[in-house]
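Next up: a single chain in structure tokens, the form predicted alone.
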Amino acid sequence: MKNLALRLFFVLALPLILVIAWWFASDSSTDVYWPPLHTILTTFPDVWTGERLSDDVLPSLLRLLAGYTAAAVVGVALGTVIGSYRRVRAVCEPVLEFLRAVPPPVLVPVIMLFAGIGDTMKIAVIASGCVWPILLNTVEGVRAVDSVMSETARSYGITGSARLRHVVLRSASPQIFAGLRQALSIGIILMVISEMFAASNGLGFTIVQFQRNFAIPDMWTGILLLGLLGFVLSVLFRLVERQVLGWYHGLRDTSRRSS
């Protein structure tokens, strides 16, 4: 119980300090672009009603989920193949390095030419940015599979899909989840950017509309909502990671106690 309370303190202490600092720093502000925090918080429930949540927030989250899922499937699948075969890796590595260096927002106009301006374009933009950390971390995780473990599995007749599932992916899963964690933050950024181009709904579209109409407190509420969504998604991801990688965290905790 004491450890839980201490952990909660460390998690909440810095955000609380920053909110208090923001509150007092902006309390007497008369700048139209820097409204007081209490004005933003008062405006928040008036802006983000149930109707706006269903019309703007829900579509954004569904696009994020679709793009992120597509990137996860493609990234893990390609990363496993590339990491497992040295020749495939040698052929693909220069192309991967070139494509990874291209910023995903630059691809928005190109994707719009092929996918139009609907949800397909926005999902493709999110997937195009999220796939790289997942793919590259999967490649490194598969390459780092212990050779002794692989030989032991082969000697016991564990081959094919069983070896892939129980040896390769299980051993690489900590690295894969590291890529998935990085991709989540990238996906949120690209979700907003994609909705700023030829969109009719979504968080990015709504925030830009507030800015163009000089509804500055409303715009700040959108930014605040984005931060809250990012925090909630990060917490949910950590819970899933703890559940899936329970064996890995258990080994780490054991090694720490023994050392």
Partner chain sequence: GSSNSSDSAGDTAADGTTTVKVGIIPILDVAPVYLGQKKGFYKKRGLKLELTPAQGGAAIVPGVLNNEFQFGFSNTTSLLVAQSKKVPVKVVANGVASTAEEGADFMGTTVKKGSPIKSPKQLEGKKVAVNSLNNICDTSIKESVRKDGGDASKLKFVEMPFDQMPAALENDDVDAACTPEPALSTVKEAGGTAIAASFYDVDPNLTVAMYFTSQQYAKQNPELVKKFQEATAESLEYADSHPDEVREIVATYTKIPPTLLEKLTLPHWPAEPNRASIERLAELAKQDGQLKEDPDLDALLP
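Residue numbers count along the first chain shown, from 1. All figures in this text were calculated on a predicted structure; none of them were measured in a lab.
Another form exists, predicted in complex with its partner chain; not displayed. Remarks below refer to it.
- Its partner chain in the predicted complex is not approached by residue 62, whose heavy atoms all lie more than 4.5 angstroms from it.
- Its partner chain is not drawn, but in the predicted complex it has a heavy atom within 4.5 Å of residue 32.
- Within this chain, residue 215 lines the site of its partner chain in the predicted complex, having a heavy atom no more than 4.5 Å away.
- The closest non-hydrogen atom of residue 73 lies beyond 4.5 Å of its partner chain in the predicted complex.
- Contacts with its partner chain in the predicted complex, taken as any heavy atom within 4.5 Å, map within 91-123 to 109, 112, 113, 116, 117.
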